[in-house]
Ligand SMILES: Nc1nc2c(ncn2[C@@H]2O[C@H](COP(=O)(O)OP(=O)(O)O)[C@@H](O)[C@H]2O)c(=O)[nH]1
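In structure tokens, the next block holds one chain alone, the form predicted alone.
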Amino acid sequence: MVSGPFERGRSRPADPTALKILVAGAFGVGKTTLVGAVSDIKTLQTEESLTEAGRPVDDIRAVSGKRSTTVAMDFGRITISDSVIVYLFGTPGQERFRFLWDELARGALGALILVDTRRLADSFSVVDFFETRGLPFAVAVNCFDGAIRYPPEQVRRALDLDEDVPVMLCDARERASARDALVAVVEHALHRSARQRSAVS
């Protein structure tokens, strides 16, 4: 006799919805740190040491303490709720690996853009990437130790973001803070999708 939660006559719980989110940003903004802090599983990382050979193409003056860099992607997974699982794909930060972003973005619901206010100009090309492709995104200001903490609305104006783009402060080292930022991406992307469906119906 079959017993338990799947006995005859009872409905089987629905499988959770799997979503894909990119964690993107310029070189050294904390993408690998965020994925590692929030992931429920051991993260897949493609870190390689920075060497003298890469100095002509990798400007590390603003991140002098950085000793390694992502050369393909970071991968992690977080369960947002019983019904939603998010797969995280962290992008490489250097311009020379930007060609990988289009492939990583394939099938993504949206993106979380991490920014460093000490190097905000580095984030314009990242914002342009997602705006050009019409992929929803939220912006999280990674609160580095010693960096001035500007109000989110000031960052929005500096990056010339639309009013509906979520902008928030975040500590990429803290799981709860990183999770909140990812939830903001999911909610924003789903709300935008619902508005678009409503507009065409």
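Just so you know, these numbers come straight off a predicted model, no measurement behind them. Note that residue numbering begins at 1 and tracks the sequence as displayed.
Beyond the structure shown, there is the form predicted in complex with this ligand, which is absent from this document and is the topic of what follows.
S.K.: Taking a heavy atom within 4.5 Å as contact, would all three of Asp102, Val126 and Val185 count as contacting this ligand in the model of the complex?
M.R.: Checking in the model of the complex: none of Asp102, Val126 and Val185 is within 4.5 Å of this ligand.
S.K.: Considering this ligand in the model of the complex, which of Leu159, Ala37, Val165, Cys143 comes within 4.5 Å of it through any heavy atom?
M.R.: Checked against the cut-off, the match is Cys143.
S.K.: Using the partner position in the model of the complex, report whether Arg173 sits within 4.5 Å of this ligand, counting heavy atoms only.
M.R.: Arg173: yes, in contact with this ligand in the model of the complex.
S.K.: Mark Val139 yes when one of its heavy atoms lies within 4.5 Å of a heavy atom of this ligand in the model of the complex, and no otherwise.
M.R.: Judged by the heavy-atom cut-off of 4.5 Å, Val139 is well away from this ligand in the model of the complex.
S.K.: Under the 4.5 Å heavy atom criterion, name the residues of 15-30 that approach this ligand in the model of the complex, in sequence order.
M.R.: Residues within 4.5 Å: Ala26, Phe27, Gly28, Val29, Gly30.
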